[in-house]
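In the block that follows, a single chain appears as structure tokens, in the form predicted alone.
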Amino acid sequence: MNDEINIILGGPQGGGIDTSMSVIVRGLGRSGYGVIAEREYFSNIAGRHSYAHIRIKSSEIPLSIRYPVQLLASLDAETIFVHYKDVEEGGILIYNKSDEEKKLSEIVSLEESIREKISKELEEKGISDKVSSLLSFLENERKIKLVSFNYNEILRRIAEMHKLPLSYMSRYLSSILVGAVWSVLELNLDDLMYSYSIQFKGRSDRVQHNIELVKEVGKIVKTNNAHIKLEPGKLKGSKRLIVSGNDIVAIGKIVGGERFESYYPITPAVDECLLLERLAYSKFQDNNLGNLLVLQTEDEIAAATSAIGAALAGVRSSTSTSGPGFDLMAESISFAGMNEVPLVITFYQRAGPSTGMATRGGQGDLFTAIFSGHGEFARVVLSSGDHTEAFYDAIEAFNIAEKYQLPVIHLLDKFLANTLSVIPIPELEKVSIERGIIVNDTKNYKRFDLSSLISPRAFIGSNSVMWYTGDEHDEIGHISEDPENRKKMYEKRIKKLELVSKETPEDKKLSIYGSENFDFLLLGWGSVKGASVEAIKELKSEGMNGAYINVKMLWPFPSEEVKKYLKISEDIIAIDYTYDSLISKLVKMSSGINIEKSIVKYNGRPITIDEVKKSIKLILEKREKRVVLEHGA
């Protein structure tokens, strides 16, 4: 019996891989399993290769994906060519029998460089460019169990059963992969039916068609005796959420009292806003939780400025975007800095520069978040390492923005945004709403009162009079170029960073995992946390004593807190999704400490547990200073 199983579902973009992943993860969650599922896809609308990597654990919630996989389920020949090396020896491959005669040279959706690479690999192994030749190799040389059947024949049988046109059944094609996973793992069909009923709420016919299709697939899997023994899920009994990173940020914003969200559609940020639109008029036990206005603007400039307007009118407001959109918001961030506006920007990083690889991940926007906008002013940059952190950070971003009246950038990345995970229900008793100092109907009101760093806030529309301009201003907001006033206002704005550093507790600036008395230390931020924490844990069982620091507050950088841990060991390794180890540069700039060893990845694909483990060993045992990770399709 296995405690852990890894699976890849692959097929053309637009072929239903994303839906199949959601159905499987939701069903597994209901069965009591811990699951994490990462999605990789091309930026075109339809046709190019996409896949979902699902990791299942029966005893706990996994934090990251790993290779090799034990099951590969393919919708097309391209999936077999692209992922055949990812399947563990003795694993299972599910494929469409009609793909056997297809050739590598005939797959038009495959990039030429990838085709050449695969062709060279096949040639070196003595395999022709036909799928059947590759399958023979996998069966004979790597003992992989092949399970084939005619996908169209299955769809035809369901169509005849319900007197539906065969063309209509194409929408059910990806459920063949769901059936394959469910049958190979011998899981409870009731949990899958529940998942389909959520996916196709109000469409009982679709639920029925899918379940019958799954049963047909199950008969073939059983005939082939293709099974993987998975221990029963041990997480039953406790309530859990099944959410993507986008989802949990949206939920956090609503719980945190958001009332205005603006956006211009951009990957991977847009999914958060689409969920907010669905939840804009939420009720709980017949009580209206408060309306949320979600506004799609004509561009990112309008998105940022409308969020500023909403914040000045007194509501919790934010905007969400990705790299190219954030660049357009830079001037607005400066305006917010000058006028001490509590602007929250949720910034989902993807692989740049420019459009880069719009649906792939990276962390190259670290310094953009910290230094964007002209002039010198205070802003706070937060980073989330996983789904649970993202929930609390979405709320904390509002609290910091309103308490200190400055822009807050909540920095996430594509890997977290597009990854589905089963997570515990967030503890609402840990949530607090801090709106800062608010006044109303104040005579002789001074919006930028210099008597303290944090001036009382009054809202536009209240009985207080105020002025806002991009120019330097005096205490009531009128334009002023008086050098003495300039000096005081400049200092008032920027010294807020000292206050944030002083008043923010250490556990909101960083978190540490692993041994307290470690021999080596890994330091990173964002979604590298999952693979790093699990790698440290597994290396402990191999006799290597390490720890991982997850930096949560990137600006103002928690220099003193980080230095305290960096002094414990000489073996410090930085890890992130950049070429130049940007987190090392931030540590050097902020603390003076030079981290000489690094693990980096910048091919747009996620870091896996085994990559981190192998890299740490290369650095500690082989004294490598820099390891570049390259795995991923």
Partner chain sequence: MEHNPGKYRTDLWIDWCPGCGNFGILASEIKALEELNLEPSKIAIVSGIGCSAKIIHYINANGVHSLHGRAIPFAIGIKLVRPDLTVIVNGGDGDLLGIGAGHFVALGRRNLQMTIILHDNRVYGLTKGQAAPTLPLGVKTKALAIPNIYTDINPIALAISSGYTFVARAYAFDSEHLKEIIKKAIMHRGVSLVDVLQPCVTFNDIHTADYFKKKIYKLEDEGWDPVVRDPKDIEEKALNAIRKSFEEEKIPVGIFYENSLLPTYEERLKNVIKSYPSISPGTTKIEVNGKSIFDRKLFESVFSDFIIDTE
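Residue numbers count along the first chain shown, from 1. For clarity, every value in this text was computed on a predicted model and none was experimentally measured.
The same protein has a further form, the form predicted in complex with its partner chain, not shown here; the description that follows concerns it.
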inquiry  = Which residue, R157, R142, R435, K488, is the contact with its partner chain in the predicted complex, using a 4.5 Å heavy atom cutoff?
reply    = R435
key: Partner-contacting position among K502, K229, K120, R278 - heavy atom within 4.5 Å of its partner chain in the predicted complex   = R278
query = According to a 4.5 angstroms non-hydrogen atom cut-off, is G309 in contact with its partner chain in the predicted complex?
reply = yes
ask   = Does any heavy atom of G477 come within 4.5 Å of a heavy atom of its partner chain in the predicted complex?
value = yes
message = With a cut-off of 4.5 Å between heavy atoms, is E331 one of the residues that contacts its partner chain in the predicted complex?
response = yes
message = At 4.5 Å between heavy atoms, is I114 in contact with its partner chain in the predicted complex?
response = no
query = Pick from 253 to 261, 79 to 87, 492 to 500, 166 to 174: which stretch has non-hydrogen atoms within 4.5 Å of its partner chain in the predicted complex?
reply = 253 to 261
Residues of 228 to 262 having any heavy atom within 4.5 Å of its partner chain in the predicted complex, listed in sequence order = L235, K236, G237, S238, K239, R240, L241, I242, V243, D247, I251, I254, V255, G256, G257, R259, F260
